[in-house]
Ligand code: ATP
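Given next, in structure tokens, is a single chain: the form predicted on its own.
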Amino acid sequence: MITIGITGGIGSGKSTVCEVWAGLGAFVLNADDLAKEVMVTDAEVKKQLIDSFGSESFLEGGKLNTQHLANEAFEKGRVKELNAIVHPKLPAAASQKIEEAEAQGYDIFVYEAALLLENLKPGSLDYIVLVLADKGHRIERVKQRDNSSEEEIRQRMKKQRNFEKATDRVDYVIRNNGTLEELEKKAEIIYQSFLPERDTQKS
């Protein structure tokens, strides 16, 4: 099974690329979704969250109170504190998902993460894909998606790395400054290059 990591800034279009790949048969795992799962299922993480952010971190029935944690992390500048609790657990959790995907017969496993390059262990994934887009395009996409103000989006962008300076650390770069159809086509072409030889010979 081929393992792919995909990253990029807010509004770059990486989630759209993942949707295309999922439609083509890939197993796609989103790091944020994995983190939320770990927060609920890992007893050690759960205890640390309650100790650090209060019992209101969880709702009745053990469901994660994402609004409370988001407020604590982003409004009070405690993102690093939250990440320090959750992120050390993600590699093992992701490895488990990779094993599950392989057991289910998937040929391609995709891990989508904004902080992929910060947390990546060398050699842990077969390929890294970076999705880039001009700032203006990214702002417009997020405004349409989240109904956020331009100032809010710019503040979120400032907290992310400059992905343009990371092109030398990845295997593929997708530039997404055109139409949705153009992005989908680029995603399909790259996906075909990932497929094992036995599959490409069949098609």
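Here the structure is a predicted model, which is why all the values come from computation and not from measurement. Position 1 is the first residue in the sequence shown; the rest follow in order.
Beyond what is shown, the protein has a form predicted in complex with adenosine-5'-triphosphate (ATP); the following relates to that form.
J.: At 4.5 Å between heavy atoms, is Arg141 in contact with adenosine-5'-triphosphate (ATP) in the model of the complex?
T.: Answer yes; at least one heavy atom of Arg141 falls within 4.5 Å of adenosine-5'-triphosphate (ATP) in the model of the complex.
J.: Although the partner isn't part of this model, could you tell me whether Val20 comes within 4.5 Å of adenosine-5'-triphosphate (ATP) in the model of the complex, counting any heavy atom of the residue?
T.: Judged by the heavy-atom cut-off of 4.5 Å, Val20 is well away from adenosine-5'-triphosphate (ATP) in the model of the complex.
J.: In the model of the complex, is there a heavy atom of adenosine-5'-triphosphate (ATP) that lies within 4.5 Å of any heavy atom of Gly54, even though the partner is absent here?
T.: Taking the distances in the model of the complex, the answer for Gly54 is no, it never comes within 4.5 Å of adenosine-5'-triphosphate (ATP).
J.: How about Arg169 - does it come within 4.5 Å of adenosine-5'-triphosphate (ATP) in the model of the complex, if we only consider non-hydrogen atoms?
T.: Output for Arg169 is no: heavy atoms all beyond 4.5 Å of adenosine-5'-triphosphate (ATP).
J.: Using the arrangement in the model of the complex, list in sequence order the residues of 1 to 23 with any heavy atom within 4.5 angstroms of adenosine-5'-triphosphate (ATP).
T.: If the 4.5 Å heavy-atom criterion is applied to adenosine-5'-triphosphate (ATP) in the model of the complex, 1 to 23 yields Gly9, Ile10, Gly11, Ser12, Gly13, Lys14, Ser15, Thr16.
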